[in-house]
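First, one chain by itself: the form predicted on its own, in structure tokens.
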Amino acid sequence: MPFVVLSTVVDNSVDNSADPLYTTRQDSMNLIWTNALKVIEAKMSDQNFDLWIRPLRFIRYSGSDLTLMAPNPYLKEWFEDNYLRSVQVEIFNQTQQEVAIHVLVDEMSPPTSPTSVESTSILGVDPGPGNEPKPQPAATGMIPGQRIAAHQGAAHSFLNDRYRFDNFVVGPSNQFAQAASELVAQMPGTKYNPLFIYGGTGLGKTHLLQAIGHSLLDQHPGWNVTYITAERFMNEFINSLRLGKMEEYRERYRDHCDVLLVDDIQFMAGKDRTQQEFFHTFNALHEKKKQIVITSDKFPNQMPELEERLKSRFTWGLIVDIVVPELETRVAILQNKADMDDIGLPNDVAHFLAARIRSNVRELEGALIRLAAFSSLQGRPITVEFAQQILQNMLSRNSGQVTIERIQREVSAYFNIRPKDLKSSRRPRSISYPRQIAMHLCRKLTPASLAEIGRQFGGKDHTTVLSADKKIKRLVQEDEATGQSVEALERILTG
């Protein structure tokens, strides 16, 4: 499809703001842009998304032209060279319309000097020689609702203003994690240090992590509260080594940090030098009674490539989990999201979506945004029938009986491995353990025979399946982490 890239200033001579149809089109495209960002964010690292995509602002939509605003020319150039086509494709997927994207530069923002270089990648692909990342945009490029949570000498880390305790929906699936997070925010550096929050993707870990940051900054405006992803911590470490700035790097995190919030610690697994640096950073902060909060998609002992000394330190404080929310909580989350975004969501539609989409909160909210966008574009009310039509593909992925293929897919996602790994003959614990859990769930939740399950796992013998089933049954009784993982997966699979 012939996408067009334009970067010139769009004519502003005609003011259409008073036209109700024009306003409706702007609102509709803004929702589509927001929904496209959610899909793109899931394909990128948090660092790259925060650095190159999040600072862009939706300005207007006219005809087939979408205008965005970049905070500086560095970000504009990097976005156009590396991300623009992915954004166009996703918007086309949302609207079935070709859109030309205009990227303007905010002339009101102060000029940015190239102060640091990020070791980054595009949608998980190495940029390659001669295509190195551009300088990091200045903090002036943050979008409304973001908040700097680091001191002047640190890499700027943004807290999303929507992630606060007062809009976190509490239910049985997350109430312990929420209570522990609020207690840490009230008494940092005391009993629960570190606080380790783990659970599957899209269940609210980042929300709680950033809510702690907001609460602490509200109480102590002068504190240096640093929120960072594990991947960014690693990339900054690499750059500091390369540029000979390790002393500055260590001072930033060990001497000038009152609270350290680290998201997705599992990305450090297998990165020995980064783990060593984080180990010493952890010790330095803990000795000074500085609060540390960590999130992960796995229990510490489920990360075989994480150093034992780090696993040990993560258990010094409190470990809490978040599992897939039950139906009532999912309905409440949807209603809360609809209220925040001023979306008219009937109760029957909220219950319909919550009953059909059980995997994670992020997918649930994405469905709501997509539904609202199409409702606005087509001028149709949001009903159950409308939701069935617009979300047909998404709902089909979340419906139906529990099958071996679905179990393999959900277990792979939960343990962050590839489905084909479950069918391979590889035997490292990071693969054999999820494979045994998947076989156990197949025995428990499907009518398939031992032989059929074995065939679906790459031609394994029926005795292998039986042995895996017995082992996981025993571990469920003896090992808390295994019990929690199996329970969470069963809830995902059965709702």
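Residue indices: 1-based, along the sequence shown. None of the values given here were measured: they were computed from a predicted structure.
FYI, the form predicted together with ligand ADP isn't displayed, but the following is about it.
Heavy atoms within 4.5 Å of ligand ADP in the predicted bound form map, among the stretches 278 to 286, 377 to 385, 248 to 256, 205 to 213, onto 205 to 213 alone. Residues 174, 201 and 336 are all found to lie within 4.5 Å of ligand ADP in the predicted bound form, as judged by heavy atom distances. A heavy atom within 4.5 Å of ligand ADP in the predicted bound form is found for one listed residue only; from 86, 403, 167, 95, this is 167. Screening 321, 365, 231, 410 for any heavy atom within 4.5 Å of ligand ADP in the predicted bound form leaves a single hit, 365. Taking the partner from elsewhere, residue 357 is found to have every heavy atom lying beyond 4.5 Å of ligand ADP in the predicted bound form. Of the heavy atoms in residue 361, some are within 4.5 Å of ligand ADP in the predicted bound form. Contact annotation: residue 78 falls outside 4.5 Å of ligand ADP in the predicted bound form, judged by heavy atom distances. With a 4.5 Å cutoff on heavy atoms, residue 163 counts as touching ligand ADP in the predicted bound form. Residues of 274 to 309 are not found to place any heavy atom within 4.5 Å of ligand ADP in the predicted bound form.
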